[in-house]
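One chain follows as structure tokens, the form predicted on its own.
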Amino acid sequence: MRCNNAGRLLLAAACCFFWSAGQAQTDLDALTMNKKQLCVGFQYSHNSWDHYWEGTLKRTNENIGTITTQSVALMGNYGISNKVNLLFAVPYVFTKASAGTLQGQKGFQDGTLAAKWNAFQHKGEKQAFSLFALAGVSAPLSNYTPDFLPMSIGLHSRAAFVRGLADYQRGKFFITGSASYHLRNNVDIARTAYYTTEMHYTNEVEMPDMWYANLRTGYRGRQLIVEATADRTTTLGGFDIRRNDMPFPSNRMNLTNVGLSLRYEPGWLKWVTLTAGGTHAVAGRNMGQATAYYAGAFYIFNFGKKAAVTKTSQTP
């Protein structure tokens, strides 16, 4: 049994000021569900920071103290075929500050839907290599405001992404690399003029696109997967936060994270997968130096005539 939860489909949230999605990975791994199998479950995430980068200047702010973001997400992965999977995520997000007068926000953030295709696969006696292509979209699920950072639960921008992924496995050791381009739609804010590096007499904010790259390596067994992760988010444009000012949706938001991810399938709980992990920001620009952790539980439903066990697409 191999359950791919849809954690990294919250990547849109990684661009939200001071919240990176340190979730388990589905659109970032080389695993697929079998045809007519649905893996679905919930994942809890916790993210907090008290230091942040104002442009390139690392600092604290006693007026806000520690910013904490929590989320509970319904996630799923359905096998249209053994090579094509459909993934979705629906997160509910809470934010709060430990000091000052800024009020925390809560609500449904951005729903995500994506397709994952195992485009090429070669297996030898002790090694395997695969290529994947992915495409997805996300859109706000509620009328939250993006113009209240860092307390906003998201950026309220409709987005689309395409990703290429390559995976090599030898024995139980594997290494996976991927890169994606994210196209983001403009957003509307509740004011008729605003200043970035110049004055804008409109309520529409032009959102820069972004690149995302991910590298992961570790042990991949039939019941246990342990992997070290590193990822980089790069915004293609935007501007820095002005000194002592609040952040703005179209700021340049760059972030580098390192982390550890676990996925375990207990033999005494058939069709159940447990996930856990965490990340820490090691470099950034206009982002919080956040430490995040998550845990989730997922169950596989079989809708085919025979309840075939799910498989790791890369196990030689």
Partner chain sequence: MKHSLSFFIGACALLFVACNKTPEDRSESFPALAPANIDIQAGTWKPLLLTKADEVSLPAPQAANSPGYIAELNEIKSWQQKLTGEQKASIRYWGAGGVLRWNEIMRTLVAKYNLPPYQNADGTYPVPNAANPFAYPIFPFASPPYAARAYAYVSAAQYDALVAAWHYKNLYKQAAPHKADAGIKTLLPVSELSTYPSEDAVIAGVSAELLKLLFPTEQAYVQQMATEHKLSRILAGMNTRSELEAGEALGKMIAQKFVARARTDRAGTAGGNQAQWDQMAADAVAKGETPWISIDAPKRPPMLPLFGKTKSFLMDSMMVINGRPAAPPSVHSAQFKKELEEVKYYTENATPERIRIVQFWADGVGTYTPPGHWNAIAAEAFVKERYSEVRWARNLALLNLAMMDAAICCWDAKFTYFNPRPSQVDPSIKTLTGVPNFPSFTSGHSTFSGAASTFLSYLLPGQAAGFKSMADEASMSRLYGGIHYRSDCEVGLEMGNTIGKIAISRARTDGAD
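Positions refer to the first chain, counted from 1. Given the structure is predicted, the values throughout are model-derived calculations rather than measurements.
Form predicted in complex with its partner chain: not shown, discussed below.
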Task: Candidate stretches 169 to 177, 188 to 196, 225 to 233, 68 to 76 - the one whose heavy atoms come within 4.5 Å of its partner chain in the model of the complex - done: 188 to 196
Task: 4.5 angstroms heavy atom contact with its partner chain in the model of the complex for L215 - done: no
TODO: Determine whether any heavy atom of Y92 comes within 4.5 Å of a heavy atom of its partner chain in the model of the complex, and answer yes or no.
DONE: no
TODO: Examine F88 and determine whether its closest non-hydrogen atom to its partner chain in the model of the complex is within 4.5 angstroms.
DONE: no
- [ ] Verify the contact flag for F129: yes if a non-hydrogen atom of it lies within 4.5 Å of a non-hydrogen atom of its partner chain in the model of the complex, no if not.
- [x] no
- [ ] Between 129 to 151 and its partner chain in the model of the complex, list the residues on our side with a heavy atom within 4.5 Å.
- [x] A133, L134, A135, G136, V137, N143, T145, D147, F148
